[in-house]
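Below, in C-alpha cells: the form predicted alone, a single chain.
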Amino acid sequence: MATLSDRLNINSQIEHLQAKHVGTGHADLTKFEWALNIHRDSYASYVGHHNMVSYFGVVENESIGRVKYEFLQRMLLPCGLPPKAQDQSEDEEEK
C-alpha cells in the first residue's frame, strides 16, 4: 500500500514528465489532441528512419525526397483543422 508521500512523489514525477515532453498526455487532453500527437509522432518516426521512407517510396512509386517532403507537410495538420470549442460555439449561437 502506497503512503501519502509515495503518491505525492509519483504525481510530481508525472507532472515533470508532462512538462518536459510534449505529447505525453494529461487529464484534460481531448481526443483530437491525442490523435494529433500520435500522427505527428508517426510521421516524425517515418522521416527519421530511412528504411521506412524507402518502403513508402517504393509503395507509392515516389522518390525518397518527395516522400519525406509529403510527410513533413502532413505533420502541419495531420488530422485537419481542430474542432470548435463548445464555449466558442455557444457564444456564436447567442449572437
Partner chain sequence: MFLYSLTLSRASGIQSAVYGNFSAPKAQEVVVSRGKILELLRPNENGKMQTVVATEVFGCIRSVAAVRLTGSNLDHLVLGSDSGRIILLKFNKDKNVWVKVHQETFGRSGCRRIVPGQYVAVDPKGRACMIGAVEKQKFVYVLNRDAAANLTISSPLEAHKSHHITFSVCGMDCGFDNPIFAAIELDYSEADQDPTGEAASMAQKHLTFYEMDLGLNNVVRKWTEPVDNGANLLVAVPGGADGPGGVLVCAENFIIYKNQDHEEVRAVIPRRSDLPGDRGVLIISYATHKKKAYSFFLVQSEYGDIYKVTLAYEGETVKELKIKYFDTIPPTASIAVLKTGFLFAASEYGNHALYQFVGTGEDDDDVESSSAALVQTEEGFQPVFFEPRPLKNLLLIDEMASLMPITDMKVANLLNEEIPQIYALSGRGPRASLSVLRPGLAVTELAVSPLPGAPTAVWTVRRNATDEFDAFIIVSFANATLVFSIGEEVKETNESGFLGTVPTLHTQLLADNSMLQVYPGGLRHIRPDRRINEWKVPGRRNIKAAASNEKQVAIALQGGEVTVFELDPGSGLLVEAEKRELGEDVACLEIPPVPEGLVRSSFLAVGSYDQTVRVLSLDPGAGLKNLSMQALNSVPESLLMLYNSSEGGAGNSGGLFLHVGLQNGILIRSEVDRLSGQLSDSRSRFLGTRAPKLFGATVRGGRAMLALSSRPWLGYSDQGRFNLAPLSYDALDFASGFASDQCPEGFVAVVKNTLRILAVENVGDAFNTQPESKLLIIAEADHAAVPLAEREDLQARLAAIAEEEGAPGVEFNDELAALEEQFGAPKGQPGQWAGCLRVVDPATLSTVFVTEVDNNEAITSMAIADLLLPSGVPGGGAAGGSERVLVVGTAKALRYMPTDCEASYIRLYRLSDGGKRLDLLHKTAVDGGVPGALCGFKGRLLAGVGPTLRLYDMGKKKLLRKCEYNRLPHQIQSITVQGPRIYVGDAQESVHMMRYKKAENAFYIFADDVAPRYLTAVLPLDYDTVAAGDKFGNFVVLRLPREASQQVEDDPTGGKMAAASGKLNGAPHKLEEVVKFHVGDTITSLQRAEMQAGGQEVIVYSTVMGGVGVLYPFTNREDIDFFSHLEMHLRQENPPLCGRDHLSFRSAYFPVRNCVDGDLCSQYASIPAKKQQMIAEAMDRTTGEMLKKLEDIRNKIL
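Residue numbers count along the first chain shown, from 1. Quick caveat, the model's predicted, so the values are computed rather than measured. Only the largest set of C-alpha atoms that superpose within 1.5 Å between the two forms is called the rigid core.
One more form of this protein, predicted in complex with the partner chain, exists but is not displayed; see below.
Engineer: So in the model of the complex, is the partner chain close enough to His49 to count as touching (4.5 Å, heavy atoms)?
Structural biologist: Looking in the model of the complex, residue contacts with the partner chain include His49, since a heavy atom lies within 4.5 Å.
Engineer: If we define contact as a non-hydrogen atom of the residue within 4.5 angstroms of the partner, is Leu29 a contact of the partner chain in the model of the complex?
Structural biologist: Leu29: no contact with the partner chain in the model of the complex.
Engineer: Can any non-hydrogen atom of Gly25 be found within 4.5 angstroms of the partner chain in the model of the complex?
Structural biologist: Gly25: no, not in contact with the partner chain in the model of the complex.
Engineer: Is Asn9 one of the residues lying within 4.5 Å of the partner chain in the model of the complex, judged by heavy atom distances?
Structural biologist: No.
Engineer: Taking heavy atoms and a 4.5 Å limit, what residues of 58 to 77 are near the partner chain in the model of the complex?
Structural biologist: Val58, Val59, Glu60, Asn61, Glu62, Ser63, Ile64, Gly65, Arg66, Tyr69, Phe71, Leu72, Gln73, Arg74, Met75, Leu76, Leu77, in sequence order.
Engineer: Superpose on the rigid core, then tell me if the C-alpha of Leu17 is displaced by 2 angstroms or more between this form and the one not shown.
Structural biologist: Indeed, Leu17 is displaced by 2 Å or more.
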